[in-house]
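A lone chain, given as structure tokens: the form predicted on its own.
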């Protein structure tokens, strides 16, 4: 079987398309690269869904944590404390069995016991808790002078937040939020190690890497392939978030470049 045939058979196997049976013997490098890459589709899905939805919730929780009313501040503080204070693996474990109990009472909630819905929900809440703390710290760091200047120009309430406070908060929080996005995509490897099952052997990249490592008794081929995939994904995330960061800071003056070092010393003064 050529490598192109392997790509045709296994490129979208993690989504249920293509060859149903996994290879059993004579594993080739192409099979491992293609199947692990197929599993990366789920890692990208989990990370993208949680990141987009978690960004909105994190902003609301950060505002709630900074609110004067204890009815808004206390629930926000406890939300951040719970999801930052407990390990993500334990959150997956308890969430899965909680969803199973809900399913028995309300059969319509059956999708929550599946990884595409239930695990994405857990990742969404987890990253919202971490991101909310980042945004809250940035919110407290917004220069008071900018807020006072906005008030002097007649900007108050929602217009002031939308045009002054929120952009400045994002600009201050973006480097730390970039790290959170990278950690989130790395954390997607925990989904199928927790209680959420991989239905029909349709798992993520780590699922297929573990399969090849168990079958060949050689972890030094599939796991480096997995690491290279995540390094490539990290580079993509850094590029995207770097472009957003440049856009957020486009109004600032360019940093002064340091002078080139002099390699030839002055011998004669």
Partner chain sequence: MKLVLATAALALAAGAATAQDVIRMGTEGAYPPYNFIDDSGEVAGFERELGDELCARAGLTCEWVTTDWDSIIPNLVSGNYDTIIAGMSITDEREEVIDFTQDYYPPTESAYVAASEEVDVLSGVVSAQTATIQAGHVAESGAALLEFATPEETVAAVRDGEADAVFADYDYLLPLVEASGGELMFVGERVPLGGGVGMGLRESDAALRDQFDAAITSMKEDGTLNALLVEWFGEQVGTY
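Positions refer to the first chain, counted from 1. These numbers were taken from a predicted model, which means no experiment stands behind them.
The same protein also exists as the form predicted in complex with the partner chain; that form is not shown, yet it is the one meant from here on.
Trainee: Three residues, 24, 104 and 207; all within 4.5 Å of the partner chain in the model of the complex via heavy atoms?
Mentor: Yes, all three are in contact.
Trainee: Consider the chain as shown here, without its partner, and state which of 155, 100, 72, 121 has a heavy atom within 4.5 Å of the partner chain in the model of the complex.
Mentor: Spelling it out, the residue with a heavy atom inside the cut-off is 100.
Trainee: Only one of 193, 117, 147, 125 has a non-hydrogen atom within 4.5 angstroms of the partner chain in the model of the complex; which is it?
Mentor: Selected option: 193.
Trainee: Residue-level question: is residue 246 within 4.5 Å of the partner chain in the model of the complex, judged on heavy atoms?
Mentor: Looking in the model of the complex, residue contacts with the partner chain do not include residue 246, since no heavy atom lies within 4.5 Å.
Trainee: Give a yes or no for residue 165: in the model of the complex, does one of its heavy atoms lie within 4.5 Å of a heavy atom belonging to the partner chain?
Mentor: No, residue 165 stays farther than 4.5 Å from the partner chain in the model of the complex.
Trainee: Using a 4.5 Å heavy atom cut-off, state whether residue 96 contacts the partner chain in the model of the complex.
Mentor: Residue 96 belongs to the contact set for the partner chain.
Trainee: Would you please decide whether residue 159 lies within 4.5 angstroms of the partner chain in the model of the complex, comparing each non-hydrogen atom pair?
Mentor: The answer is no: residue 159 has no heavy atom within 4.5 Å of the partner chain.
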